[in-house]
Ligand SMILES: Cc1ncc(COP(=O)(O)O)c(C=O)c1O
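Given as structure tokens, the chain that follows is alone and in the form predicted alone.
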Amino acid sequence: MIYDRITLPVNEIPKFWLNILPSLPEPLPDPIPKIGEKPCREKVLKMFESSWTKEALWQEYAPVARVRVPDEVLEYYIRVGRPTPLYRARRLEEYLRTPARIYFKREDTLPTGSFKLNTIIPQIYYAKKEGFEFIVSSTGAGQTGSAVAAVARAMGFKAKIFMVRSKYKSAPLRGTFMKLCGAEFTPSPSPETEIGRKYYSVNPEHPGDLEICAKEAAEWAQKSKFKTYVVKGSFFNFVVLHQTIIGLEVKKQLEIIDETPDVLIGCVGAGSNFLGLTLPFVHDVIKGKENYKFIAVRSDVCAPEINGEYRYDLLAPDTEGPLYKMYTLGVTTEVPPIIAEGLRHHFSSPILSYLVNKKIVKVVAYKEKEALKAGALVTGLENFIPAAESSYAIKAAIDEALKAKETGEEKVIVANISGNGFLDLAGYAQVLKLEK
């Protein structure tokens, strides 16, 4: 029997998220509250008390291996289309003439166009349960912002979204989507905050970046007259926890067709979609049960695991803390805008950094054009448009399939399609010179 679309019935949706922290060979290094101080997670969490939920504060360093998904969150997951399908990319395999079997986990099928709903739904659910009155978020590529705008509206919140200006200019319909959902929308840097004015006053067309954007959202929340929850899109442990729904589903889907993965691949900005796919499998590797290969895929303009250092660093410039131990290019490093804005981070998350440092995860980097060419190839062969970020994962999957062609090995390759690329079409056209 041919399996090209592997689905799970809704009653098979995972009921628990996987927490990798208790399984790590060594404890994850604690963050440092401020420059010059010693590591202390308790002090850092206290810094977040006003803008995080109590549940997020607990989940950030939860001592348990599994965290139950609330029934209301499960219902919302099902409503938006979880479990998402796993697709066999058979036409791509035939085109490459590879003996490898390539599977794509299709997070792009979710209604806001990306995997971000997996964490935005529980974050806003907990915010409502704990009495927050307003939602604010930063967004780079617009995937987090789109999810926040939609879920906030559905749960009865007003939302404010700051979006990196360079990405807004290349994909303005992201802003339109957020406005359609009733969110207030502002390109960043903006004149609305002190940190934004620092850049905006010098150059109103400053391209911005995720760090400036996040600082604007945090400052806006601090000065708001409402009890405001600041949504987190990728970096933190509790966000990674929520994303493990991806890999837990993939495990069940592969069991249905009696497949065992050899290689698991995802694109990386801070790391949450990659970790969401891989951590359930990383857990098995750490326990000595399996020997999977994990490939995290970067943009060549921003690959801290390759070109940076594993050390403590700030998340944003002009701050005193907190500092996290992570791979970093340096907080003051200016990274040029790219179409795949979600990959433009000067750092990677503490969990991903730890796994790379322990050589559990391998990191590769590609130039923008070669990645988007891979995305364009899949668009024609498999008839879906991957987000610009996801095209990097596809490029790595193709390279692994070609290696299998050389060796004759029937490898099983799984890649996460983190988002939909309809709103990236202008970027594809620009980079691949599709317009005359």
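It should be emphasised that the depicted structure is a prediction, and the values quoted were computed from it without experimental measurement. The numbering used is simple: start at 1 and walk along the sequence shown.
Keep in mind the form predicted in complex with the ligand is missing from the figure; the text below concerns it.
- Exactly one of the stretches 256 to 264, 195 to 203, 335 to 343, 86 to 94 approaches the ligand in the predicted complex with heavy atoms within 4.5 Å, and it is 335 to 343.
- Contact annotation: of the candidates Ser166, Ser353, Asn118, Ser234, the single residue with a non-hydrogen atom within 4.5 angstroms of the ligand in the predicted complex is Ser234.
- Residue-level contacts in the predicted complex: of Thr98, Ser190, Ser114, Thr328, one residue has a heavy atom within 4.5 Å of the ligand, and it is Ser114.
- Judged against the ligand in the predicted complex with a 4.5 angstroms heavy atom cut-off, the residues Gln143, Ser272 and Glu389 are in contact without exception.
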